[in-house]
Every structure is written in C-alpha cells, then in structure tokens.
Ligand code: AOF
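The chain that follows stands alone, in the form predicted on its own, written as structure tokens.
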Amino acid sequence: MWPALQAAQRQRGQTGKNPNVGAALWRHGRLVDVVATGDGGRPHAESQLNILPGDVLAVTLEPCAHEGETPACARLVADARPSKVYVGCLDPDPRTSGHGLEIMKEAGISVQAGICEHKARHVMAGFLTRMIHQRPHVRLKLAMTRDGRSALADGRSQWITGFEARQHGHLLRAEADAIMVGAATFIQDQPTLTCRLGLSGRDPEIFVLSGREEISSLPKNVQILGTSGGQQDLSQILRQLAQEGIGNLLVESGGRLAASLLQAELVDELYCYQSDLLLGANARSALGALKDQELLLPKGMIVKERRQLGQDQLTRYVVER
C-alpha cells in the first residue's frame, strides 16, 4: 500500500471534487506501476493501470461502483481479474460504499479492506471530510514567536519564522484546494498566497472572509466570502466551499479568525510554527481569546508531531472526532 499512499499524497489538492486516489500494481512479487487520480479528477487511478489476471492491486480508496462520465472502476478491476485487491478505506459516497467491494468479490477476487486505513484517511482527508461532514478538511496555520506573538503592535511581521518554516508552509499551500484569510489580515499584509516551491499549477484558490474592514479592491484571483460587516457563520461558509468542491482548505489567518474556528470546532489540523523571537505583551497575539478555556487542549486535539525546521519548531496538532 505504501507506494499507493505516496502517489495519493502527491496529488492532494489537485483532483477537484474527486478523491486523490493512489494505486500500486504488483506482478509476480514486483512493483510494476504506481498511479494516482489525474489533475482535475480525471482519469481515475485504477483506469490507468494495465491489470492482468493474477496481479495484486493496492488502492487507497474503494474503487467506485457507479457509472458516470467514466465506467465504474470496480467493474474495470473485476473484469481484469487480479488475484488480490487491498483497499485502504471505504468510499463514503453512498453510490459506492461497500458496493465496489461486492463487485470485485463477486468476480472471485480476494479483497481485503482497511489496509493502512489511518494513513489513507489522512492523505485523502479533503475528499472524506467533504463527503462525511459537508465541509472542507481545515488546516489552520499559525506562525508565532516563542511568547505567542504574531506581529509587532504596528503590524510588522516579516519575518517571524525562517526559510525552512516558510518553505514548509508553501508545501501546505501546494496540498490545498483553497486558502482562506480574514479581511484584516488581507488588508494588513496584502499576501500573495502563492505556492513558491517551483511546482507549476499548484497555486490554490484564494478566499477572503469579509469582516468589519472595508476592502477597496481585490486581485482577479481573490473571492470574498460572507456578508459585509457582520458576524460570519463559519459553518455555513465552509458548507458553501464544500458545495463548490473545496475539500482541502488552508487557513492563514490572524488571531481572531483562528480562535473563532477553534471555538466552533471547525479545525482538523493545526500547524504551529514557532521561532525563538520574543516580542512582549504589546505585540499582537497569534491566537485570540478562547471562551471558557480550561488548562487543556481544545476538545479532541492531540499533539501529533514535533520537528525542527531550521531555527524554528513545528508542532502539528490533529483533532480526533
């Protein structure tokens, strides 16, 4: 399954409404092909493989069982007659869920599901969250000093973190369908929000969440979300993005929006980049107030990873629901 997972990871944020499925084909104990869903969602991973009778197929998501613009992948696999199919996780789409496995089993193929399921769910989290919860998978990115500040009192913030941390942030952009920022952050920083890793076609869509601040002009590649000047219904806004096919959403925000998303339990992963700088109490806080907060992490949140990025430290939190 590991080659299939790696292929799926590379296509995160590139497959539109379709899942970023990875597939690996083995023949006589040797890996002969590794593919993933194409850019924009076509072609599906399984349809790109030349499967022969007796081969072994590993696929990160249950092959689709419904006929659409393309034939059902489960039927294509069944007709090809591999000896075994290993599946990472079931497809939550009711048109497929469980049916894809049945089609392959009825063809006499040995099928085993749940292989590396946790990792499969992680690499395809955008599609799965959109299908199950009707909202994008939300990654919240915060850069802060050692004392939890994001900028000086006058708004100056370049550069709180170093080159390696910023490069890692661009990797998150490369894996996103879209980036959302608050209006205040957009006006203050005028960020380009592009992926500067030298990967063509990896710039996500950009959305600015409307706030109290008036935005006089917007670049052509930026869209406004929400109602002007009022309190935003974040759950509704995320549902709107999901309906537009956004599965992987990266939020690069100021402290107020970050706290609101955490408070509403709408964050799935938190990436906290922390430098050794100290700016003091007069500087701007990287995270706004959390109401009724105890001496605990927010509900369901655990520390998943800590690593050094140059002189900075990355702590990745995930929310397990």
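As the structure is a prediction and not an experimental result, all values here were calculated from the model. Residue positions are given as counts along the sequence shown, with the first one as 1.
Another form exists, predicted in complex with this ligand; not displayed. Remarks below refer to it.
Heavy atoms of Arg95 reach within 4.5 Å of this ligand in the model of the complex, making it an interface residue.
For Val21, a non-hydrogen atom is located within 4.5 Å of this ligand in the model of the complex, even though that partner is not displayed. Among residues of the shown chain, Phe186 is not one whose heavy atoms approach this ligand to within 4.5 Å in the model of the complex.
Using a 4.5 angstroms threshold between heavy atoms, Leu57 stays clear of this ligand in the model of the complex. This chain is drawn without this ligand; in the model of the complex, the residue among Arg284, Arg256, Arg42, Arg27 with a heavy atom within 4.5 Å of it is Arg42. Note on the partner interface in the model of the complex: the residue among Val85, Met144, Leu249, Cys73 having a heavy atom within 4.5 angstroms of this ligand is Cys73. The partner is not drawn, yet in the model of the complex one stretch among 261 to 269, 274 to 282, 287 to 295, 59 to 67 has residues with heavy atoms inside 4.5 Å of this ligand: 59 to 67. Every member of the trio Thr37, Glu46 and Asp91 reaches this ligand in the model of the complex with some non-hydrogen atom inside 4.5 Å.
Contacts with this ligand in the model of the complex, taken as any heavy atom within 4.5 Å, map to no residue of 241 to 273.
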